[in-house]
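Okay, here we've got a single chain as C-alpha cells, the form predicted alone, with questions on binding and movement later.
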Amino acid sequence: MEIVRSQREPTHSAASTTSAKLSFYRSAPALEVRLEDFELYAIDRLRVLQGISDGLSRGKKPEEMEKLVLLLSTSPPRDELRKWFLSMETSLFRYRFRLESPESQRSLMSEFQLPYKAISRAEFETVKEKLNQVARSIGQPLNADTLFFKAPFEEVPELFAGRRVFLQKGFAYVAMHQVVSLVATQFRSNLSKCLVLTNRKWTSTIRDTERDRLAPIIEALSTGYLGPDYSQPKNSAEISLKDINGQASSSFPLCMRHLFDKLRETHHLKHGGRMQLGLFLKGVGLRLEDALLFWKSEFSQKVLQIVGAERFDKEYAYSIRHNYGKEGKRTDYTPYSCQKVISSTPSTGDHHGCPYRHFSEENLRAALTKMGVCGRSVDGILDKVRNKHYQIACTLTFEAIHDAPYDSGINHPNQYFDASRKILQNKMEST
C-alpha cells in the first residue's frame, strides 16, 4: 500500500502516541493517499460504523461490541446520513477513549485543548459532601484521588438527565470516570462543524473539478451498501421453476415474498415490482430462459389476454433480457440492496419497497404471522420498526423463522436468501 507523506508540517507532534490513536478532526491528515486506497479506507471505516449501528440497534452495550468492532475493522437522505455518521463516529470515539488510561485521557484533553481544568483541592472540600451523595447514589464512592472537572451543565446533558452529577450555579462537577461525556460532546461538535465546512467546500469547488475521478467514489459511498452486488448467483447456484414455490415460502425475505405472492394472486406487477423481484430472482440463480418462461406463464393468465403475445415479447420480455445484460448497453444489472428497497417510494397499486417501512402495523403483523412469526418475536420486530430500524427488524424476522442467531445482520435480500438456504441445508444434512 503506497502512502506518500506530505511536505506540510503536521499540526501536532508526530511523536505523540495518543494523537496517532485518537483524532479530534481539527485538520486534514498530512498525507497524500492514492485514490484506490482512499476508497478502501473509507469502506473499512463505514463497515466499522455500520457494525456499531447494528449492535446498538440490537441493544448491545458498547463494551459488548469489542469483538465485533475488531472483526469489522479488519475485514438515506444526505441529512440523515450525516446525522448517522456523527452518531456512530461519536460512539466509536467514546469506546476508544474509554480504553485509554486516566493518565492518557488527561493527556488527550490537554492535547485537544479542551477548556476544562480539574478543580482545586480547596473547591473540592467545599462541595465534598454533595459530591459524595451523588457518588453513592450511582454506586461510585469517592476516594482521595478522585479528580473532578467543572463544566457548563448543558455540555453534559446525559449526565444531567440521569442525575449523575452535582450541579451548582449552572456548572456540573464531572468525575474523571465520567469525563468521556465531556470529551465526546466536544468531539461531536467539532466533527459536525468540519462536516459542514467540508460539504460547503465540496459543493462549491471540489465536486466539479473531481467530477470524473473522486465524485463517483463519494456518491457510491453515500448509498450506504458495501456488500456484494449479487449480480451473479453465489457459487454458480441455480433455482429451477419447479423449486421456486417452495423456496419462496422458506427462504424469500418478506419484501420478495410479498411481491411473489402478489404476482401469483393477480398475475401482474407494475414496473417497480417487476424490477425488484426480477433482479432478486436473477441473483438467486434463475436463468434467463427460465425467467422468460416464469414471467410469461404468470402474465399469460391476465396480461397476455389484454396486450397480446407480440407486445409482451416487445416490451416485457425485452425488459427481462435487458436486466440480464442481453439488450441495450449490455449492462449486467444488480439486485437491489436493502438500502435501495427501503428508499423506494411505492404508489397506490404498487407492491415493491420494504414492508417494514411501507406497511401499516396491522398489515405487517399479518404478514409476519403468515410467514410463521408469532408472539413476542412479532412484538420485538414491531418495536424495531417503530424506531425505524428496518434492517434490524428483517434480521429478527430471519432469526425467528430459522430459530438461529444471525449476528451479521441483513443488508441485502439476496444475502437473506443465501443465508436461509445454508441454514436449511445444514439442518437437512444433520438429520
Partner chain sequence: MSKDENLVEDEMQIDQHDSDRPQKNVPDGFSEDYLKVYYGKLFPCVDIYRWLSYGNDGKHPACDQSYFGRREFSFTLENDIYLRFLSFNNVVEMESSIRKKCPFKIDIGPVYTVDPAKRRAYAQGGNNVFSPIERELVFDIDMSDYDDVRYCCSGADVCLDCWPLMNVAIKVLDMSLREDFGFNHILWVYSGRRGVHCWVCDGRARRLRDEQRASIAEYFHVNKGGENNAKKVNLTGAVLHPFLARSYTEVLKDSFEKKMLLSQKLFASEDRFQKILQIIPDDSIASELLDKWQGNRRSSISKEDVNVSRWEQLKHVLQSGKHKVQGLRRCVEEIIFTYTFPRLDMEVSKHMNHLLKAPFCVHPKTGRICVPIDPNDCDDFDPTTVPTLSQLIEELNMSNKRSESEEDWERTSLRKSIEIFRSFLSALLKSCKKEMNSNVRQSTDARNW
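Keep in mind that what you see is a predicted model, and the values were worked out from it rather than measured. Residue numbers count along the first chain shown, from 1. For the two forms, the rigid core is made up of the largest set of C-alpha atoms that agree within 1.5 Å on superposition.
What follows is about the form predicted in complex with its partner chain, which we do not show.
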{"property": "Close approach of residue 166 to its partner chain in the predicted bound form, 4.5 Å, heavy atom", "result": "yes"}
{"property": "Non-hydrogen atom contact residue 197 with its partner chain in the predicted bound form at 4.5 angstroms", "result": "no"}
{"property": "Contact test in the predicted bound form: residue 133 vs its partner chain, heavy atoms, 4.5 Å", "result": "yes"}
{"property": "Exercise: residue 260 in contact with its partner chain in the predicted bound form, heavy atom 4.5 Å", "result": "no"}
{"property": "Selected contact from 124, 160, 333, 318, since only one has a non-hydrogen atom within 4.5 angstroms of its partner chain in the predicted bound form", "result": "160"}
{"property": "Answer option from 155, 89, 350, 298, heavy atom within 4.5 Å of its partner chain in the predicted bound form", "result": "155"}
{"property": "Answer range among 240 to 248, 274 to 282, 125 to 133, 341 to 349 for contact with its partner chain, defined in the predicted bound form as heavy atoms within 4.5 Å", "result": "125 to 133"}
{"property": "Rigid core superposed: residue 129 CA moves 2 Å or more between this form and the one not shown", "result": "yes"}
{"property": "Cα displacement of residue 153 between this form and the one not shown reaching 2 Å, rigid core superposed", "result": "yes"}
{"property": "Large Cα shift (2 Å or above) at residue 189 between this form and the one not shown, core-fitted", "result": "yes"}
{"property": "Distance trend in the predicted bound form - C-alpha atoms of residue 388 and residue 185, change of 3 Å or more", "result": "closer"}
